[in-house]
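Shown here is one chain on its own, the form predicted alone, set out as structure tokens.
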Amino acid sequence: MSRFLIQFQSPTLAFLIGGIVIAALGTRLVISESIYKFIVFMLLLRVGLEGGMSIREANLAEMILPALLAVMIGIGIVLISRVTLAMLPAVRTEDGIATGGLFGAVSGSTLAAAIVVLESEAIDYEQWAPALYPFMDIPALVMAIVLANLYFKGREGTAEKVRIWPIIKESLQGSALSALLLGIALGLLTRPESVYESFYDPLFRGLLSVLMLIMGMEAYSRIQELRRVAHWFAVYAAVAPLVHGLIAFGFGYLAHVLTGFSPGGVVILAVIAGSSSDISGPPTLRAGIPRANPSAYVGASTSVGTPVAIAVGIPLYIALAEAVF
């Protein structure tokens, strides 16, 4: 309980709540989409640079099991939504699958928030752990689009083959994942330490606080959209982030026992599993599952899922790691 109270006073969550409050009060403050995308780009580029520099010095064999687990978790989250949310009354199957894909994919802003909390509390983690992002993100989006297309083709009685590569390509070209992969490549293949230490690292927390403010305002604005679809989406968005995160925590503990995966790394794995994509996921799903209702999956993610993942998930996984390890 003390950890939750401290988390509510942290800049990360305080700015998120502040954005929700001023939006509820009818503020005229508007922060453009281009600023939002630039901030996300800067944050993920910084995370990627740090990850790439540490991968350069790391034992790659240590990454194999966590990466495989990340793939399994991303696919598993979509399958869980297919047999739960998509089967509930008043929920269209394609909307349930798309929601599972978005929650199986990864939020760069939630990942950045978790890293700030871990660093502020001096909790060690493998610097390559954020590089698990694409191993969970891409399989989840691919699985959701494949399942949705198989559902449509089965309903319509067609046997057209679902093409996988265009889905993967679309995911890789997403702005958030592109920024992270670019940072990893630059950190791995070049020597960016000087610009990282003098520019990217000092700006990280300040940019994250502005991003949380924007996300709080966005969360409130999406509540109206969520009200127009089945209330099951709100229930799913409140419960799923914690269920997914706890499942990933269990897998992370297995990696800890087998390979020595650090407690901080286990927390990061749980955080990315409990997050829902806020940048690359929505456009990928709009293109891949055009019949799904964005108000359902984007509204569930932004208005409920992300606040739960940040406000409850991050302190929960850290407290659990302290208890277990």
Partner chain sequence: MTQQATRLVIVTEKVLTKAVAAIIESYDASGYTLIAAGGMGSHNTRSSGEPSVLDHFGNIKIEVITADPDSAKKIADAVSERYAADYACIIYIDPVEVLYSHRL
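Because the structure is a prediction, the values reported are computed rather than measured. Residue numbers count along the first chain shown, from 1.
One more form of this protein exists, namely the form predicted together with the partner chain; it is left out here, but the text below deals with it.
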query: Contact residue in the predicted bound form, chosen from 221, 93, 178, 84 - any heavy atom within 4.5 Å of the partner chain; finding: 221
query: Residue 263, heavy atom within 4.5 angstroms of the partner chain in the predicted bound form; finding: no
query: Contact of residue 287 with the partner chain in the predicted bound form (heavy atom, 4.5 Å); finding: yes
query: Interface membership of residue 228, the partner chain in the predicted bound form, 4.5 Å heavy atom rule; finding: yes
query: Residue 32 within 4.5 Å of the partner chain in the predicted bound form, heavy atoms; finding: yes
query: Option from 267 to 275, 55 to 63, 42 to 50, 291 to 299 whose residues, in the predicted bound form, bring a heavy atom within 4.5 Å of the partner chain; finding: 291 to 299
query: Full three-residue contact with the partner chain in the predicted bound form, heavy atom 4.5 Å, for 36, 214 and 283; finding: yes
